[in-house]
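Listed next as structure tokens is one chain, alone, in the form predicted on its own.
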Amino acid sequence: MRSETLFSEVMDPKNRANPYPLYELFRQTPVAKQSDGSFVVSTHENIRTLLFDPRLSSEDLPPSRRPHTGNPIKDWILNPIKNRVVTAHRPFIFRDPPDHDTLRKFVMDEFTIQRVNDAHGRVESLVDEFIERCRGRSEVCLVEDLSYPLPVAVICDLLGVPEEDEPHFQRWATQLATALEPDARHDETGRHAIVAAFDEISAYMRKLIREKRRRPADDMLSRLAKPGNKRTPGMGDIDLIATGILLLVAGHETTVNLITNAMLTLLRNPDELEKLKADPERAPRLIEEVLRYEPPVHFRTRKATSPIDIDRVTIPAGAPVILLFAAANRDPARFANPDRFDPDRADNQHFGFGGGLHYCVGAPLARIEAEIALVTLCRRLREPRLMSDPPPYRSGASLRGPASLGIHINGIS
């Protein structure tokens, strides 16, 4: 297998169930140039270095481009304006300092540990509610019955999205999440679908923000939508829409994978499932190991703004860079027995939530949701067993997780 085309194998859906042998090959060439001119970085030390390198930009999305409609006013006036505005106001995970830092601070000021902890009771109630709906069945689909609806309900509740609007987000979020996949950026049909989903959810967010300003409530979106003043400027409307979309999409897409990957890992390691059932206090350690061992996000892309010398390789200015987090998480130079699932592992400095300036703002909430979900599932599902292994996987290679996870049960406690 040629190293310069190895990343195409990672992107191939046939390798979605087990990409780790490919990651092992990548670590043999820690900074591997691909035939398309991109560079894949796969070791823990190199990724840790690059995450703090200002020459590596997160502004790597191609310019927004709406499809030709045949309407001269739209094609020559309206859509070019929309394209420029969207390109200039990406969500902050696709922005560099100082814009990134300014927008992130708005969110961090609202996404406090106290507010996340206050969601604890709501999460417990929702988990029990979703599990109770499965009573009387001998089979459950973890994704459909819990892993997907739970994070959607939680993030919508925090942001102040009306419960009746939650079903709209599955299609929008699934489509927008493909923007993280490198191949989708060069697929014209896929790009048009992303633009269409973004326009739809933008129109929804614009309407919701207007309503929050008319009738503020005790929710995150109402607080973010407050007008600023000379001393403390508020977030601009366009950035507020982009931030709201980011929180809705990222606030549940990764958590779906985290919960599902965690339960799949426990079912493959029944001794650990029994340990968690007997000692729920193991949950935080177990989640940290899942984030290392089967992370919800396998890689993120960047762009070099200047030449970067690393590991005897020069990455030229303008080159795309792929930070292969999941490969670094199993780097034997950093972790002993990296292919072993070990919740008692010490010094578990993984990249399960990324790192550096773009460390996931929703990490504390995702941890709480996953811990409560796992502890409750282990306590309430009687004799859970996988229906098939490996399960079918979602198409994405970056946001990697099962599309469904069928589980046989002997009832619910």
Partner chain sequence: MRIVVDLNRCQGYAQCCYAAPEHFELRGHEILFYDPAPPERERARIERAQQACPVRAISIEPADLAEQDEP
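Positions refer to the first chain, counted from 1. Keep in mind it's a predicted model, so treat the numbers as computed, not measured.
Omitted from view is the form predicted in complex with its partner chain, to which the following refers.
Checklist entry - Going by a heavy atom distance of 4.5 Å, is residue 29 a contact of its partner chain in the model of the complex? => result Flag for residue 29 set to no.
Item to check | its partner chain contact in the model of the complex: residue 281, any heavy atom under 4.5 Å | outcome: Yes - in the model of the complex, heavy atoms of residue 281 and its partner chain come within 4.5 Å of each other.
Checklist entry - Taking heavy atoms only, is residue 336 within 4.5 angstroms of its partner chain in the model of the complex? => result Residue 336 lies outside the contact set for its partner chain.
Checklist entry - So in the model of the complex, does any heavy atom of residue 109 sit within 4.5 Å of its partner chain? => result Within the cut-off, so yes.
Next on the checklist: Under a 4.5 angstroms heavy atom criterion, identify the one residue in 220, 116, 86, 304 near its partner chain in the model of the complex.
Outcome noted: Only one option qualifies, and that one is 116.
Item to check | The single option of 168, 105, 82, 122 touching its partner chain in the model of the complex, heavy atom within 4.5 Å | outcome: Spelling it out, the residue with a heavy atom inside the cut-off is 105.
Checklist entry - Counting only heavy atoms and a 4.5 Å cutoff, which of 29-37, 343-351, 66-74, 382-390 contacts its partner chain in the model of the complex? => result Of the options, only 343-351 has residues within 4.5 Å of the partner.
Checklist entry - Does anything in 34-60 come within 4.5 Å of its partner chain in the model of the complex by heavy atoms, and if so which residues, in order? => result Heavy-atom contacts to its partner chain in the model of the complex: only 52.
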